[in-house]
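This document starts with one chain, in the form predicted alone, laid out as structure tokens.
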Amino acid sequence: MNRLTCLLLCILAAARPAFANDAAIAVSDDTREAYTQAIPALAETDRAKFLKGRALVRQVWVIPPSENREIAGLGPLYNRLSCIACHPANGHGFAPESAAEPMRAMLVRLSVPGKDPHGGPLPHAAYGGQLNENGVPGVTGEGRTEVHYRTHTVSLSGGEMVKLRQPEFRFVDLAYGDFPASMMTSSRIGSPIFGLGLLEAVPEGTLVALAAVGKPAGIKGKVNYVWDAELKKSVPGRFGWKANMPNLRQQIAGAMVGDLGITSPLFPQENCMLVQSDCAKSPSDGKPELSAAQLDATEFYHFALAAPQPRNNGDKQVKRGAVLFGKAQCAACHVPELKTGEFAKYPALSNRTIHPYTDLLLHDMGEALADHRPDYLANGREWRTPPLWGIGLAQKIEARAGFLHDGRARSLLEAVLWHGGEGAGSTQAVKDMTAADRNALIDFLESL
């Protein structure tokens, strides 16, 4: 057993209270701006680039042609007008409350059976890989998604009852005909964008070691190997709900073209399928529309966003909840502590100890959370472990913030109760806790 594996085993076995993150890369801020702060280690000479990236993330993009080409490029097909629309205040998105409400911080991925040349999902010939609900003038949006809910009640020890809602999606006003029976769909809310640079700085070897390290019975975890568009090879994925993106640069460029219809040096083609003739004829402002300098600034902004420090570390209830978190085996996937390596892209993030509460691996979460849509090596039941750092502030920053990939969970307790598959044992442990212990566990999570 090598030294790294021994270290990871110790981390996995630990039932420890909320850690303090390295003060150079985390902030003690519990306001609505908690997710928007630069790391304290940001050099003054880098501040202009950070602010430029922030402006681009908050930018409301306009339809070309425009006199101001710096902010033109929206469409021809798109979901929202800005990045921040799906990541409010850099935080969690949310699902519609009813079929009448449009998706404001949510989208739907599409694919058909088979794989693209790099092993990723195969887009539909007419609708592509994502349902774009909006089009610029002269271009018809691809369709709309209605969200309907079925509810059921879960009983907990002590008589507590929790109502869970399960979304069902209906696709209406489809521009190119009904979806075929073979169409695979997957709904996704926007996920938080703070602290992501630190997650990119975690060495690939750590992900591989975390997948190999011994875990409690029934828990596995695997790396999703995905296509790196710049390196032209498969590498470990770590971003996105299915860990289907290798790095922040590709994640940003993919979201720009997929969500906003804005081309970039990484993805220079408009998001038009061959049958979408009006889309292909739509004017563009620049080839690409997002310049290399703009992509650099946006990437840097993501690198330099700080993670919030945990709060109430000394509180007895929080300490008790941390112990229960460990006993329920939550830390087997939500690994409390990781270390970054040498990170040439932004050396300020190198060799830091961080506490994101994730292993960045794929886990089988059971049939109730399955989307039945493969994504590279992720099957239809597997999802990446989402980081928990800062999660206690989510609904302070955005009152409607949802949890889990499709925002079905309206509270942290609901999110826990949806865990199946590899998480089923933890869910049962939480159900069997006394009400006082469950409250302590939630207090711990809310302290992160």
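In case it trips you up, residue 1 is the first one in the sequence shown, and so on. A quick note: this is a predicted structure, and the numbers were derived from the prediction, not measured.
One more form of this protein exists, namely the form predicted together with a small molecule; it is left out here, but the text below deals with it.
S.K.: Whether Pro123, Met184 and Val235 jointly form a contact site for the small molecule in the model of the complex is the question; each needs a heavy atom within 4.5 Å.
M.R.: Verified in the model of the complex; spot residues all out of contact, no.
S.K.: Just to confirm the contact call: exactly one of 26-34, 42-50, 399-407, 63-71 touches the small molecule in the model of the complex at a 4.5 Å heavy atom cutoff, so which is it?
M.R.: Residues of 399-407 come within 4.5 Å of the partner.
S.K.: Whether Pro246 contacts the small molecule in the model of the complex should be assessed with a 4.5 Å heavy atom distance threshold; does it?
M.R.: Pro246 lies outside the contact set for the small molecule.
S.K.: Taking heavy atoms and a 4.5 Å cut-off, does Tyr376 contact the small molecule in the model of the complex?
M.R.: No, no contact at 4.5 Å.
S.K.: Is there a heavy atom of Asn79 no more than 4.5 Å from a heavy atom of the small molecule in the model of the complex?
M.R.: Yes - in the model of the complex, heavy atoms of Asn79 and the small molecule come within 4.5 Å of each other.
S.K.: Whether Leu393 contacts the small molecule in the model of the complex should be assessed with a 4.5 Å heavy atom distance threshold; does it?
M.R.: Because no heavy atom of Leu393 falls inside 4.5 Å of the small molecule in the model of the complex, the answer is no.
S.K.: Only one of Ala201, Ala322, Leu210, Ile189 comes within 4.5 Å of the small molecule in the model of the complex by heavy atoms, so just point that one out.
M.R.: After the contact test, the surviving option is Ile189.
S.K.: Though the small molecule is not shown, can you say which of Ala175, Ala348, Cys83, Val136 has a heavy atom within 4.5 Å of it in the model of the complex?
M.R.: In short, Cys83.
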